[in-house]
Structures are given as structure tokens and as C-alpha cells.
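Okay, so we've got the same protein chain twice, two forms, each given alone as C-alpha cells, structure 1 and structure 2.
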Structure 1
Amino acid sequence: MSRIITVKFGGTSLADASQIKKVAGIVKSNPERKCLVASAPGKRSKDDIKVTDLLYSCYSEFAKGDEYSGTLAKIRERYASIIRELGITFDISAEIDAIDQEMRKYPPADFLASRGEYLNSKIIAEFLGWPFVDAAEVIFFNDNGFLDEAKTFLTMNERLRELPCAVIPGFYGSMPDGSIKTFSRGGSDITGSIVARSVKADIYENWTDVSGMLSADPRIVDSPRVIEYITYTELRELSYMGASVLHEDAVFPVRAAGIPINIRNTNSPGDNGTLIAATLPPDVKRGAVTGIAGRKGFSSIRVEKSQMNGETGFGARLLYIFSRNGIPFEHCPTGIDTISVVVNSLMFEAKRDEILRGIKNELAPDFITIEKGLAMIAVVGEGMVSVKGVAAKIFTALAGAGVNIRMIDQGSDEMNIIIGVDEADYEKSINALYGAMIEH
């Protein structure tokens, strides 16, 4: 049986006609590349605007009752220039007019946001001479907005196996009532993973603008080392903590079927990129730490109460106050008479009064202290469990850089150490940790 490779190309890989021509070259160079998932056109330069962002602006203008035709005209022009330079026949004006008509029925923002990948995929399908398969017909959410995996995998498999190849738009699917729903931003990575799983692909290639998963954020560290091999678990930790090259949820569909992911660079297709699988090839030698990632924008709510340790269920009741206000917690370090809950600052600020009232009334604490402006950094590596002195090296590196550590948490699987620092120290900390912890 011939092999199947599912390929997903991100926004920068499809930002203009010359990028799309590169993509066609990559796809046509290997006949095993049969299912292509496309993003909307991304930025052509640093100051450019992604089509998805233009679509969201268009929606907010429309929702406010403002004139949105100028923004829609910019979107039309982006596609018109791609179509002109590709030399294909495609009636973009008719497509944009149809979207405009649909908008008058006041559909949710998701409908409009999804049109970026919808139009780009139709154009790419035309250029490649491949069939187009609308994601709304093969990706299904249930009433709660979660992916209906069984229906999606089955329907997608039945549809795609009848075709020699196909272009499928990323980022969206349909709700039980037929309306369009998108994944969260960057969600075309999830679509690629779902397609790979549905067609039982041998590999899921995720093509982007860097030569793989890097051991630190390239916008902070100068030319960080490429991670050649990484496990699904390490990838999940790093992407969740901020390594934004792959959507944090993209690992799940392929991991369940043991399909490896290969992150590749459209602008440097000869590079091997990063291979992500359940285990590493036996001959691969790596250091204790595989990568470092982080994010800003956290707050810590510290609750103190004498003899808290004697009050059964104190922690559970505290976390329940956050969960009933719809706020997930990120970390929860505890002392004997203190417990801290680390949460996303924006989410917390929106519910601050309710949460503080709940803690005061229901838990009668001695003190509540709120620390804002925290950045969380994860140092991740499956090799850490068997190497002594990793934590000591981390603390020495940060002390050497003059960084005050505000929080420490070690994952129970001993494959990550999470450090909280002031947002102002974030970039300095990432550089210090990269210098000390990654072999380069």
C-alpha cells in the first residue's frame, strides 16, 4: 500500500503567489503528499496584516454598525493579486460578494474568520488542479463546541479515500446546526492533525517559516538550536507553555494513532526539521534539557490561613471558586499555611471581584495577596529525571543574570521545572537559561 503524507502549510508559507509556488513545488516533489491543509495568507513582511486579522477587523466594524467595505476590499485585493500572479481563473469578486450577502444575515464572527482559509484553499486547489473539500463537510463539533471525533474521523476518511488528493481548509468545522465554528487562533495545526489521523497518514508534515521546533523562542534568543527529535509529551509541554510554532492541542489526534509529526521549513525544504514521536530513535543522544518556553501575563493569588493544613478540603474549595467563575488554574504551589493559584491575568481581572468575595466569604483567610505581572518559564526535558543538579544549574543561571525567582513548581512527571519571574525579567531569564541549559 502506498504511503500517505498529510501536509499543513501555515500562513507565511501561503502569504503570496511566490510562496504558493514554493508550496506547489514541495507537494509535487513527492506523490505521497496527498492531503494538503491550508491556512489563510499570513504576513508577507513584519508590518503586514494577516488575512485572518483583517477578517476579524471587518467583523468588528460590521458588528458596531460601521462601514466595513474598505476592509473587505483589502481582503479582495490580497486574493486578487495572488490569483493574478498564479495565472489562474478564479472569480474572487463573486466569492467576496457571497460573503458580504451572508454577513447581512448576521452570522457569528467564526463564519467570517473562517473565510480566509476557505478562499485560500479554493485558490490553491485550482492552482494545483486538486479537488477542494470544504472542512465544514468533514469536521464536526458537538453542541458543547468540542470536536465530534468519531463522526469527523469516519466522514473525513470516507470522503478523502475516494479522492486521489485534496486541499482542505484549516481552522474550522461545522456545528450540529450547520453553522461554522473555528478552533482557537493557530488552529489549522489541529485540522492538519485531524486529517492525518482520519486518513491514517504515515506522517503529518507541518510546514512553517522556521526549520523545526527550536530549543527557545527565536524572537528572544539569537539563532537557537533546532530540536531534531522530541517526544509528543515534551512538545505538548513546550507548546502549552508558549513555543508557538505548533498549536498546543495539535498533538492529540496524531498522538493517539502514533503518527509522527515533522515540522519543516517551506523556505528551506532541504532541512530535516523536527521529528516528533512517542519515543526517540534508540541511537539519539540528547542532554537533560530539550527546550525552554514561556509566556507573560500571569497573576498569582496567594491565600494564607493559620493551620490551613488541618482544614480538609481547603484547596479543593479554593480551586472551585476559580472554576465556577470559568477560570482554569495553571499552577498551584502550596506551603503549610499558604496556597497560591497562578492564573491568566486577563481572565482573572474580568472576575476579580467575584473571586475575592468568594475566597473571603467561604474560606475566611488571614491574608490574600495578589501578585500581577508574572511570566512563567518552563524548562523541559525527559532526560531531566535521571540527571542530578538540573535545578541547581537553573537557579545559578538566573541568579547570575540578576533575576529574582518569584515561584518554582516542578511537574509531577519530573520532566519540567516551571519558574515564575517578573515580566520585566522574562527575556533576560530565557537567554540566561538557554545559555546554561541547552548544549549549543
Structure 2
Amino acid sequence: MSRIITVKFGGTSLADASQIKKVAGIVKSNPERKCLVASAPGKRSKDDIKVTDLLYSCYSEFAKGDEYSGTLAKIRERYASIIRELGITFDISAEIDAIDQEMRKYPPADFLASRGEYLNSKIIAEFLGWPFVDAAEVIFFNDNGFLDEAKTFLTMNERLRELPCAVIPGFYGSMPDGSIKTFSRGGSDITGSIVARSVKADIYENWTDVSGMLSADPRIVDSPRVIEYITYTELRELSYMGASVLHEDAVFPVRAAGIPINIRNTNSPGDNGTLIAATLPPDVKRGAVTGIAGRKGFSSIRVEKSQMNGETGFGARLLYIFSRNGIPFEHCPTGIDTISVVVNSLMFEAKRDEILRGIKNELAPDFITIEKGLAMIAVVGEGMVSVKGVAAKIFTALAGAGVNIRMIDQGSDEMNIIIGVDEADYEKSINALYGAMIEH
């Protein structure tokens, strides 16, 4: 029985005709690659503009009553140049005119935003000689805007199994009334995952502009190692802190079906990339730490009250105050008489007065202390649970770099350790941890 590989190519992989030719070569080099999910054209250079951003600008101009024909002309020419260089016959003017006419009916912004993937996929399908399947016909959302998994998986399976191959636009689907709805930015990754599960693919290849997931941020650490193998659980932990080349929600459909993800580099197709799976192959040898990631922009609200530990529901009531103000908490380390809630600083400041008033009135604390300017760093690795001295090594590395640790929180599964440091020490901390835990 032949294998099925679903492939998704990102915006940089499809930014122009030369990149699309690379993609065609990759796809045709392996006949098992039967379903291709395409993004809209991304940046061709550092100063370029993504087609999706041009589409959002166009819609904004239209909504404000401004002249948008100049922006639409840029989109038209962008695709026209791709078509010319690919040497195919495709009436882009008719397509753009149809989009313009539809937009004048004032549809939601999602419609125009989705046209980048729609047009690029039709062009790629023409170039490959493959059937085009509109995502709006096979991906469905319910009235609440959530993915209708049962209907989507069934419809897509029935549609795609009749075709030898297909090109499907990423990023969008349709609402019950037929209107277009998009996923969040980067949502073509989710589309690829949905397609992979629907066709029961053996592997989901996500092609981008890097040779896999890196063990640390390359903007901070010089040439960090590529992670060759990583579990879904580790990926989620690192993705949550921003260290991923994959949309964090893209793992759910394939994870449920046991389909591994392979992150690959369009510009270096010979590289193995990163394999993401439920469990690691038995012959894979790794260190205790898989990766290090972090983010700035946090605040800690520390609540102190004598004999707090004897008050049933104190923590629940505290968190509810944040919840009813629409603020999720990131971490919640506790002591006998203290509890801290770590939250996004911008979100907290917008509701600061309401939250502090609620804490004072409903919990009657002895003290409330607010610490701003925190960066949170996650040290992640399933191997940490079976290796002694990992925490000591982390703290020694930070002490050696002259970093004051403001907060420590270890996950219940002992797969991650979260460290809070001053934002000014963030880059220094990442480098110190990478050097101690991964580099050697």
C-alpha cells in the first residue's frame, strides 16, 4: 500500500516564481507527496511586503472610504509577475476583478485576507497540472466560529480520496452561511494538519525557510543547534514561549491521529529537518534539555496574607478576579502565606485598577506587590525527569552570568523549568543557559 505525504509550503517558500519552481521540484521528486497546502506569497526580501499584508491594507482603505486601487494594483502585478515567469496561462486580471466586485458588497475582512492563499494555490495548481480544491468547500466552521471537525474531516476525505493529487489553499474555510472565515495568522499550518489527518497521511511535511526547529532563538544565540527529534509535548511547551516555526494549534489534528510532522527547508531540501512525533524513536540519544525559549513583557502580582493556606478557595477566588477581567494567567507560584500571579503586562495594565480593587475588597490581603519588567524563560526537555542535577546546573549558569532569578516554577510533569528574570537580563540568561545545557 502506497504512503501518503501531505506537504504545506509557507509564504517565503512561495514568494515568487523561482521559489514556486523549487516547490514543484520538491513535490515531483516524491510521488507520495499527494496533497499540497499553499500559503500566500511572502516576502521576497527584507523590505518586501507580504501579499496578505497588502490585502489587509486594501481592505482597510476600502472600509475607510479611501482609494484602494493602488494597493490592489500592487497585488495584481505581484501575481502577474509570478505567472509570467512561470510561463503559464492564467487570467489573473479576471480573478482580481472578481475579488474587487465581491469586496464592494462589503464582506467581512476574512474574505479579502483569504484571497492570497486562494490565488496562489490556483496558480500553483495550474503550474503543476494538479486539481485545485477550494478550502471553503472542505473546511467548515460552526456558528460559534470553531472548526467543525467531524464535517471537515468527512467532507475533505471524501473529496480528496477521489483525486490522485490536489492543491488546497491554507488559512481559511467557510461558515455555515457560506461566508469565508480565516484561522489566525500562520493558520496555513493548521490547514496542512487538517488535510493530513483527513487523508490519513503517513507524515505531514511543513516546508519553510529554516532547516528545522532551533534549540534557541538565533537572534540571541549564535548558530543554535537544530533539534532533530522532538515530541509534541515538548513542542507545545517551547511554542507557547514563542520558539517555533509551526503554528502552535497545528499539532492537534495530527497528534490525535498519530501522524508525525517533519519541518523541512525549501531552500535546502536535502536537510532532514526536525521530526515531531508522540514519542521519540528508541535509538535516538539526546541530552536532558531539548530547547530553551522565552518571552518578555510580564508582570507578577504578589498577594501576601497571614494564614492564607488555611482559607479554602483563596487561590481560586484570586484567579477568578483575573478571569472575569479577561486576563489569563501564565504562572502561579505559591508559598504558605503568599501567592503570585504572572500575567501579560499590557493586558494587566489595561485592567489594573479593577483587579487591584477586586483583590483588596474580596480577599483582604496584608500586602500586594507588583513587579514589572519580567521575562519568562522555559528550559524544556523530557529527559530532565531522569537526570540528576539539572536544576542546579541551571541556577549555577545564571549565577555565573550575574543574573538574579526573580521567580522559579517547575511543571508538574518535570519536563520544564520556568525562570523569571529582569527583562534587562533576558538575552544574557538565554546565552548562559544555552551554553550550560545544550552547547556542550
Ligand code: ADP
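Quick note, the numbers are simply positions in structure 1, starting from 1. Since this is a predicted model, take the numbers as computed values, not measurements. The term rigid core refers to the most C-alpha atoms you can superpose between the two forms while keeping them within 1.5 Å.
Taken from the structure described as the form predicted in complex with the named molecule is structure 1, whereas structure 2 is drawn from elsewhere.
When the rigid core is held fixed, the Cα atom of Lys22 travels less than 2 angstroms between structures 1 and 2. With a cut-off of 2 Å and the rigid core superposed, Thr396 has a Cα displacement that reaches or exceeds the cut-off between structures 1 and 2.
Taking 2 Å as the criterion, Ala63 does not count as shifted between structures 1 and 2: its C-alpha moves by less than this amount when the rigid core is aligned.
If you overlay the core, the Cα of Asn344 moves by 3.5 Å between structures 1 and 2. For Asp366, the Cα shift between structures 1 and 2 is 5.7 Å when the rigid core is held fixed in the overlay.
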